[in-house]
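Taking the form predicted alone, here's one chain by itself in structure tokens.
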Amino acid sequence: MKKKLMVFFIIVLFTVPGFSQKFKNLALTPPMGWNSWNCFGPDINEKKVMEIADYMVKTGMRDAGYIYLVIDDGWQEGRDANGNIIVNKKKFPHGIKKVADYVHSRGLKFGIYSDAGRKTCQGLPGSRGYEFQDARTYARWGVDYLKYDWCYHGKQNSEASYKLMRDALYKAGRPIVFSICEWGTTKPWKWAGGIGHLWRTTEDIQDCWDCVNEWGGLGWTLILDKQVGLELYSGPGHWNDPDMLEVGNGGMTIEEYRAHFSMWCMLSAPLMAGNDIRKMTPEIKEILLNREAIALDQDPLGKQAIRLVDTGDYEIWGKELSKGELAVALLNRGDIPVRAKINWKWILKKLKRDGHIYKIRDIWLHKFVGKTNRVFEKKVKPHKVIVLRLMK
């Protein structure tokens, strides 16, 4: 009887999201890096990728944790007579492996893009029907991260399609972080935990505060709304992905970008920068390299923040951290200032830390601003966030 119970326990354990990955110790904290799409679209090439790799080192991004450099859609152009994927020689004259080797030489990891359908979103060859062949190619090239999209999928079953590529990556034998880009259409948070390391929860992000474009792309605050209730599905090795960062692409103010970055850190979201870091301003660099904000995102406990207060324009989000600490974000989504007055007793009870007195550190001012045994009052300007770390 004991033996049967043990077998049952093992079966249950390894069907829970996050417990059935073959390659261990991948994405134990949310992946950080850079992706080419948000600033370059399909206009990517060998020279740009190598320059970005250099600047990831030069700017300090690599040392801050941004280690994945991912080429998005636009690198491929066809297949040969044997079905092998053909690299666009005009864009990548020396091939992808040469680029991957260069990225690795800079102390970074290399990522690439494909699609679960027959075509990518740019109409280039997808991996449908070539999963095992492509996985072997990626392993041979030295790929460390695969972003796998969902265009031209027809009547494919999403779970089966992504599981097939996962099995192909396993068969190829190289540990590769698997990023499921299915846009949240079939609720991947419910089935993807043992398949990928992260999964998109919404349509594509747009470089704006709260816009909606004609095909469904969303401003980041609207994407933020869609993360509410998904916190149970996220944790070490399996992350909700609200899409890549738009910080520095020119469509928002510095305060709006700071709020965007702060809330992605509160969500324990993957931090994939999407700006042209070769032309990064000091203000944008200060946002992306804020070690105190990054520490909230990379906290080993891996908890996604929950929304504690929502008045329509003013929100309070809370997040449990390791070592019994907490993070609290005060977000003003409205157009007029808000006078925030924090009831710490209520907040701490909601976050299961009542009875403790914490020092309060403002992670953007980089200084301590009080303790939780006193009232905290602060004016929060429109489209601004205040992020506080509660420390013992």
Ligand code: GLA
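Residues carry their position along the shown sequence, with the first being 1. Since we're looking at a predicted model, the values are computed, not measured.
In what follows, reference is made to the form predicted in complex with alpha-D-galactopyranose (GLA), a form of this protein that is not presented.
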Could you work out which of Trp220, Tyr257, Phe178, Tyr113 is the residue within 4.5 angstroms of alpha-D-galactopyranose (GLA) in the predicted bound form, going by heavy atoms? Tyr113
Ok, Phe92, Tyr233, Trp183, Tyr170: which has a heavy atom sitting within 4.5 Å of alpha-D-galactopyranose (GLA) in the predicted bound form? Trp183
Looking at the partner-bound form in the predicted bound form, is Asp72 within 4.5 Å of alpha-D-galactopyranose (GLA) by any heavy atom? yes
Proximity of Met244 to alpha-D-galactopyranose (GLA) in the predicted bound form, heavy atoms at 4.5 Å: yes
Is His238 part of the interface with alpha-D-galactopyranose (GLA) in the predicted bound form - any heavy atom within 4.5 Å? no
I'd like to check something about Gln156: if you look in the predicted bound form, is any of its heavy atoms closer than or equal to 4.5 Å to a heavy atom of alpha-D-galactopyranose (GLA)? no
Heavy atoms within 4.5 Å of alpha-D-galactopyranose (GLA) in the predicted bound form: which stretch among 101-109, 197-205, 307-315, 277-285? 197-205
Let me know which residues along 118-150 have a heavy atom within 4.5 Å of alpha-D-galactopyranose (GLA) in the predicted bound form, or say none if there are none. Cys121, Gln122, Lys147, Asp149
